[in-house]
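Let us start with two forms of the same protein chain, each given on its own as structure tokens and named structure 1 and structure 2.
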Structure 1
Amino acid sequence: MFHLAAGRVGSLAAKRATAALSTSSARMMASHGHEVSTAVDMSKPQYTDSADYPLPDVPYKQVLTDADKSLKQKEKGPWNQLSKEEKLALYRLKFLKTYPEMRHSTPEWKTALGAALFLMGLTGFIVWWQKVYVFPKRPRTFEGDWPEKQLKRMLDMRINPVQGISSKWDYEKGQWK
């Protein structure tokens, strides 16, 4: 009886160890050897820098140092006694970027333009390759005197005389109307 219980405990411990190892190895495989990031709780207020949303839910710096706390106390007094650096430090406690910093363009447009031009060049290369190696040569009826002879034959046969090409030809004068 004891042997049977010990066997069950041993197999349970082995299963748990295997599951723990396989879970951690699967997590390592999924993260390609890097630390797995955790999910952000979106039910709590978040800080965002956006010109469209000028007042974020929470201040940028949530944990204040002693110097920041004394500056916050100084903020409650008259602002004309604060220096420009202190006003800027107070602003940086609440916000990460100023409006000009938020509106400052990034060089991302260069990447997008480069990708678009690369894809256009690749498309042009594929079209050229198909024209040279895939598509057959143009029929002989497209070159030389063939189109002119074909037009003359259509006029002689009076094809589509109401609204088509024959309606635009003056048969008495032998020229276009």
Structure 2
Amino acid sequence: MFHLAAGRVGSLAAKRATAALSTSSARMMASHGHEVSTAVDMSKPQYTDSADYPLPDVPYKQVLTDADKSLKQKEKGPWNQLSKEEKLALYRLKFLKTYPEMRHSTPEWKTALGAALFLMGLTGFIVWWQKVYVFPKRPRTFEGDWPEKQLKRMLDMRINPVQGISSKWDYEKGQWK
């Protein structure tokens, strides 16, 4: 079950892991696949395309045509008698994707980034509404000349005189250095 969740989902698509449990996308996760009407029997070994699981539990094509069957018979003999096309056909019987195809990037990141930024923008509106209807008044320490008096008091107390705020104030001239 573990490699099923890891297989074919890519780093951005954590949400797709839940899709792995749904009936339709056991195999065609990269494409927004066609819906399969029959449920996949999860108690049986599954086929997965995963870079870290090179040899899946079952071959991809399990229902073989007669041509496929005769090819599999030929495979039992010496392999240098197989033509290049036959070798490729045998590969595609066993596997859905090659490693480069598996690793191929998708444009999904654009959707992910767009959605994230959009939701951040939406949050901005929510916070604005909160400012109007929810937040209490700001503390009085922000109003009028309170901040200025607060700073003067800090300088009088010699707060952080070595490297901090009081070190930036010229006490002789009464101004910032």
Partner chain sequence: MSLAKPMMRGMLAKRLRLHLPLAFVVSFSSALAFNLLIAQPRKRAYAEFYKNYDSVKDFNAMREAGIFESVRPIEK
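The term rigid core refers to the most C-alpha atoms you can superpose between the two forms while keeping them within 1.5 Å. Since this is a predicted model, take the numbers as computed values, not measurements. Please note that residue numbering is based on structure 1, beginning with 1 at the start of its sequence.
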**Q.** Displayed copy of the chain that is the form predicted alone
**A.** 1
Q. Comparing between the two structures on the rigid core, is the C-alpha shift at residue 108 2 Å or larger?
A. no
Q.
If the core is used for the superposition, what shift in Å does the C-alpha of residue 117 show between the two structures?
A. 3.9
